[in-house]
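Below, in structure tokens: the form predicted on its own, a single chain.
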Amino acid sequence: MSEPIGSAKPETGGIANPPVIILIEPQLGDNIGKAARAMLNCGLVDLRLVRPRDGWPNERATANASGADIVIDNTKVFEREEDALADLNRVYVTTARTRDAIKPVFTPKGLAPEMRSVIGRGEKVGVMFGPERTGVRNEHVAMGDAVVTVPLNPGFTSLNLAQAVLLIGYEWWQAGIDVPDYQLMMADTFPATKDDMERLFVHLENELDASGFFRVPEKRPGMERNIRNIFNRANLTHQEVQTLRGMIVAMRGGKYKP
């Protein structure tokens, strides 16, 4: 019976049954380890190997996993693809080549919500990756419910194993988090208020006026608007406004007291 969503360890981002990663005939322990590292970056912890060329366990895999021990230590090894997929409800096969089989084709971005929807129904899903040199074969595609293809430069679609795993894993992880696309690191300050900005503008305009900057009266309104636009585009913090006002006073030989 599938575990309910929400009872997982923190490594999986709160999902009890995140996607399983299946590597068919991986050739190098280094690549397995790098794939494991990419998996844990994205909250994926269930790695299955089918006929790894250099056997298992593998010291090179452990070294290249760079601390993703939860993935390496729980890796399962199978002799047959059918056994590696036996407990899964849906399997998605990664390939860059067009096949004759009539199957749905997902991009990694499109696959992420699809997998989350399936897992949300209590089903288990897996993503299959082929050998580094050849990729999956036709019989592997036939085992899957859908194909995953990464839209890359048509003239060069080659990815190493860890890159491919990371692309799938990244989209999976992103689909489950709420992080703004842009944010400004504030450290110990906070965004300047409109009052902060107005005080800066009045201070600056008064000093510019005293220095004779506004020589042509009819141009003054437009010049003031331009100055305000310059500083408003900068998204200043409260501390930055105070620093600017201190600079204005210092240029007049005084000492600024906020």
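Computed from a predicted structure; not experimentally measured. Throughout, we count residues from 1 along the sequence that is shown.
Not on display, but discussed next: the form predicted in complex with a further copy of the same chain.
Student: May I ask you to state whether F78 is within 4.5 Å of a further copy of the same chain in the model of the complex, using heavy atom distances?
Tutor: So F78 does not count as contacting a further copy of the same chain.
Student: So, in the model of the complex, is T237 in contact with a further copy of the same chain at a 4.5 angstroms heavy atom limit?
Tutor: Judged by the heavy-atom cut-off of 4.5 Å, T237 is in contact with a further copy of the same chain in the model of the complex.
Student: So, V150 and a further copy of the same chain: in the model of the complex, are they within 4.5 Å at any heavy atom pair?
Tutor: V150: yes, in contact with a further copy of the same chain in the model of the complex.
Student: Is N31 near a further copy of the same chain? Define near as a heavy atom within 4.5 Å, in the model of the complex.
Tutor: Yes, N31 lies within 4.5 Å of a further copy of the same chain in the model of the complex.
Student: State the residue from V50, A38, A192, L47 whose non-hydrogen atoms include one within 4.5 Å of a further copy of the same chain in the model of the complex.
Tutor: So the residue touching a further copy of the same chain in the model of the complex, by this definition, is A38.
Student: Go through S158, N138, T134, S117 and name the one with a heavy atom inside 4.5 Å of a further copy of the same chain in the model of the complex.
Tutor: Residue within 4.5 Å of the partner: S158.
Student: Heavy atom within 4.5 Å of a further copy of the same chain in the model of the complex: which residues of 48 to 85 qualify?
Tutor: Contacts from 48 to 85: A65, S66, G67, A68.
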